[in-house]
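Just one chain is shown here, as C-alpha cells, and it is the form predicted on its own.
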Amino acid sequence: MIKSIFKLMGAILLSLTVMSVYATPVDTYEFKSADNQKRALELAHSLRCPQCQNQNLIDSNSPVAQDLRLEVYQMVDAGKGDDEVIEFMTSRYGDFVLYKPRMEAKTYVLWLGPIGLLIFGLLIGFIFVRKQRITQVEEQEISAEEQKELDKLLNRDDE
C-alpha cells in the first residue's frame, strides 16, 4: 500500500515538473490607464519579433520579444506617441520590425511590384490571345492539274 502511494506521489511530482517546463511566462505589467494598455497592445501586435521573423511581439515567447514588449509598454506609459515608439524600434532594428512597411522610395518595388507583374501578365495574355485570333489559315491555291485530279477523285465517289 505504501509503495503504491509513493509511486502515485512520484508520478504527480513528475507530471508537475514536466508541466512547469512547458509553462510560458506571462507579462505582468501594470499600465497607468486602460487606454495606454490598449495602445501598447495594438503597437506590440503591429511590430514583428526580430528573432522569430513571422510572429508579432505579443505572440512570440523569445527573450528578445519579451524585452521589446516591455520597452513598448514603458514607452507608451511614459507618454510617447505611436510614431515615436515605431521610430525607436525601426532605428534600432530596421524596417524589418514593421509588418506594414512604409511607402518610401526603397519600398516602391515591394508595394508596386505585384501590381506591375499583374499588368505585365495581363498584357502578355492579351497579346497572345489577340495574336491567336488574328492568325488565320492562309488559303492555298491549287494548280489546274491538282484541281483536275481532285475532280476525278470526287467523281469516282459518285460512281
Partner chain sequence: MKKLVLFIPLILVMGMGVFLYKGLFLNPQQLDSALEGKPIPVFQLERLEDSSEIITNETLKGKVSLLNVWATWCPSCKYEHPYLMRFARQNTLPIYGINYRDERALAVRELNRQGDPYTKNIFDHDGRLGLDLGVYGAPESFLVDHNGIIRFRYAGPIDQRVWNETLLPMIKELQAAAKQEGAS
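Predicted model only: the values in this text are computed from it and were never measured. Residue numbers count along the first chain shown, from 1.
Beyond the structure shown, there is the form predicted in complex with its partner chain, which is absent from this document and is the topic of what follows.
- In summary, among the residues L123, M103, L117, V129, the only one with a non-hydrogen atom within 4.5 Å of its partner chain in the model of the complex is L117.
- The contact with its partner chain in the model of the complex, taken as any heavy atom within 4.5 Å, belongs to R92 out of H45, K38, K32, R92.
- If you check its partner chain in the model of the complex, you find a heavy atom from every one of P63, L68 and F96 within 4.5 Å.
- Although the partner is absent from this view, Q51 contacts its partner chain in the model of the complex, with a non-hydrogen atom inside 4.5 angstroms.
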